[in-house]
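Quick heads-up: it's one chain on its own, the form predicted alone, in structure tokens.
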């Protein structure tokens, strides 16, 4: 696959949120067997404290194609929590996850918050470490998948 331009935007319409949900369905519910009742929660409907973001690229005809998503829980005045970071299989290793995390961090800093936290699947820890995140706390299971907490301070 040729290297394509990737960009990230907040999802501002219900149609865009539905795209985010479809990507999460494919990556987590279908791809990782996360039970639907653990994937979906009330935060998904609260854009004021939990905005969603979409990673895009373009096909050969110039059509925008969604390739990843993430949501950002603005859960304290000091920090946000990166959640539901999902990249479609075909696009992993092409900078999509980094673009999503850059967008979440930029949004966080603009709100005056100084820390981004996340619960990383243990297999994804090296990816987040390359972005400057540090592991803290013990390993735990989330949706039956081993995780560790991580954080990055501005």
Ligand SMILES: CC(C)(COP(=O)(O)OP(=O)(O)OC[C@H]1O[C@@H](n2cnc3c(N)ncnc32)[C@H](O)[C@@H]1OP(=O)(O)O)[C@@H](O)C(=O)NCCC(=O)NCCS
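In this text, all values refer to a predicted model and were calculated from it rather than measured experimentally. Residue numbers count along the first chain shown, from 1.
What comes next is about the form predicted in complex with the named molecule, which is not displayed.
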Tell me, please, which stretch of 41 to 49, 109 to 117, 54 to 62, 96 to 104 lies within 4.5 angstroms of the named molecule in the model of the complex when heavy atoms are compared? 96 to 104
Would residue 123 count as touching the named molecule in the model of the complex under a 4.5 Å heavy atom rule? yes
Can you tell me if residue 32 lies within 4.5 angstroms of the named molecule in the model of the complex, counting non-hydrogen atoms only? yes
With the partner left out here, which residues of 10 to 42 have a non-hydrogen atom within 4.5 Å of the named molecule in the model of the complex? 27, 28, 32
